[in-house]
Structure formats: C-alpha cells, structure tokens
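Single chain ahead, written as structure tokens, the form predicted alone.
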C-alpha cells in the first residue's frame, strides 16, 4: 500500500508566505486532495441532547456526532470509509487524550475513536491511549499515527488549552515551553517523533471553560453547555475557531470585551512564525452541522 492510500499526503500551505516560513507537512487523507489548498476545513457539530442534566455526555449521541463530523470532513460515504482514508491496518495508533481532572476528554470519545480505528483494521493491541505518560508509553514510541483529542479551556500559561498545546507532553521538560505565554508550542509538532503523524484533531466543546485565573483554575460557573465538537486536519484552524467561540462567550457573559489573559498567541504564531496551519479566518472553511442556537460563530 502506497503512502497516498495510507493517508499520508502532505499538508502544504499554498501561499507564498508559507515557503518563507518553512511550512510544516501535515497528513491529509487521499480523499481530500480535491479540497481547496488555500483553506483548512473545520467541522463544527452540535447537538442539544448530547449532555444529561449533570453535564455528562450521552455516549450514543456523542458517538453519532463524532461520526457525522468525520464523514463530512473526509467527504466519505460512512464512518468506516472515512477512517479508512486516515488509518491503515498496519498503523500503530496513539490517541493523545487529556486527563485534567476538572475537564477531561470524555472516555466515551476515546473508546469510540478506538472502535473506529479497529474497524479500519488496526489490532486492539496496536492502539494506545495516553496523556501525561506518552514519552514512556511503548504504544506511542511505536506510533505511526496520532489522533489528537482534548477539551477547550482557559489556561494559566498559554491563555487557552488547545490542540496545539495538547502535544506539550511529547517533550521531556514541558515547563521550558511556558515562557512568553507558550508562544512557541508549535515547535513540538516538528519533533521527529511527532511530525507527519497526526491524522485527526478533535477539540471537545461540550462544556468549555471560558474564564479563570491562576494555575489549574476551575470554577463551574465559567463553563456552559455549548454541546459541540470541532474536528479538522489542521490543528491551528480548529484551535482558532475554538478561540473565537471562547472570545464570543466572554463578551456575552461580561457584557464587554474581556481579552483572554494571557493572550493565546501560540495559535496565531503557529501560522505566522511556525507555518503549522491557518489561524486566519479567511483561510478556514468552517462547516456548521446540527444544533444552531447560540453557536456564537
């Protein structure tokens, strides 16, 4: 099976500035070659019934949302076909999750991703799920493909906890990237054990945290039932859309512009300094699916 059929097509920025910046090559499935090269596709899907009264996700609704978003992203006939464009049977797959105790990646989402990966032909023992232990996890050491999935929240060091930031655990000393509001988080994506491996990015927007201060801050009054997922191949574009939603929620809640502090500059710099993807809305093709009320974007 050649690289094209294995879904290892390079993501190449199509503007002149990208060449000057040295664009990072990201994976794109073969089926997406017809998509416009100057835009990154991002799927926003929402369902008003995905959460129960305790804000816990209903597994069946969440799985359906995830499937529908992936099918649309890949322009596939069904979920199985979509995953087959991203994952090959001989891949070893690492699902990079996030286990922050106040707002972790839903276990149901991890399990459903693993189920779809197995349906694409990958044996269960070739799938690893981890967050803080990825560097010592044999499954990630051997991984040829990564699935990146985490919730969106405000963050003490980087302004926002994003998909870009979710890979900080791939470095031995994460704190070394905390300077200047974590401006250079995108450098992690260029490391030899990370580059070219990410097949899918999922930003969980079920109950995002939109405000707080101090390390590991959390206050339930600053989450809300947005009931959404953001899905895409370009982590910068997905994060940029998520940031716009958080900013809109802050304006609505506080009744004025209240900039995120510190500013999540790592998203913009991932494009302008590191050539990782697109943060500029003009280069993002946002597709909205499902529940439309109070979408904020």
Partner chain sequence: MTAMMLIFTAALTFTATGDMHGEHDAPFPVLPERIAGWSTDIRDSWNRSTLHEYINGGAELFLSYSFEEGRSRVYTREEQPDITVDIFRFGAAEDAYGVYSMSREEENTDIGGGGQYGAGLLLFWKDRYYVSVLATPETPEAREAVMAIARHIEKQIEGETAPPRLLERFPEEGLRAPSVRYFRHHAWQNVYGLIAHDDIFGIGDSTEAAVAKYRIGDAEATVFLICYPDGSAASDALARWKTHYRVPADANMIRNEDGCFTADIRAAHLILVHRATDEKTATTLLNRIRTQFQ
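Positions refer to the first chain, counted from 1. Note that this is a predicted model, so its numbers are computed, not measured.
Another form, the form predicted in complex with the partner chain, is not on view; read the next lines as being about it.
Residues placing heavy atoms within 4.5 Å of the partner chain in the predicted bound form fall in a single listed stretch, namely 148-156, out of 133-141, 148-156, 195-203, 77-85. Taking the partner from elsewhere, no residue among 38, 191 and 272 has a non-hydrogen atom within 4.5 angstroms of the partner chain in the predicted bound form. Taking the partner from the other structure, the partner chain in the predicted bound form has a heavy atom within 4.5 Å of a heavy atom of residue 176. Of the heavy atoms in residue 90, none are within 4.5 Å of the partner chain in the predicted bound form. Looking at residue 121, you'd find every heavy atom of it more than 4.5 angstroms from the partner chain in the predicted bound form. Although the partner is absent here, residue 53 lies within 4.5 Å of the partner chain in the predicted bound form, judged by heavy atoms.
Interface residues of 191-229, taken as those with a heavy atom within 4.5 Å of the partner chain in the predicted bound form (partner not displayed): 211, 213, 214, 215, 216, 218, 219, 220, 221, 222, 223, in sequence order.
Relative to this form, in the predicted bound form the C-alpha atoms of residue 221 and residue 214 approach one another by 3 angstroms or more. In comparison with the shown form, the Cα-Cα distance of residue 54 and residue 215 decreases by at least 3 angstroms in the predicted bound form.
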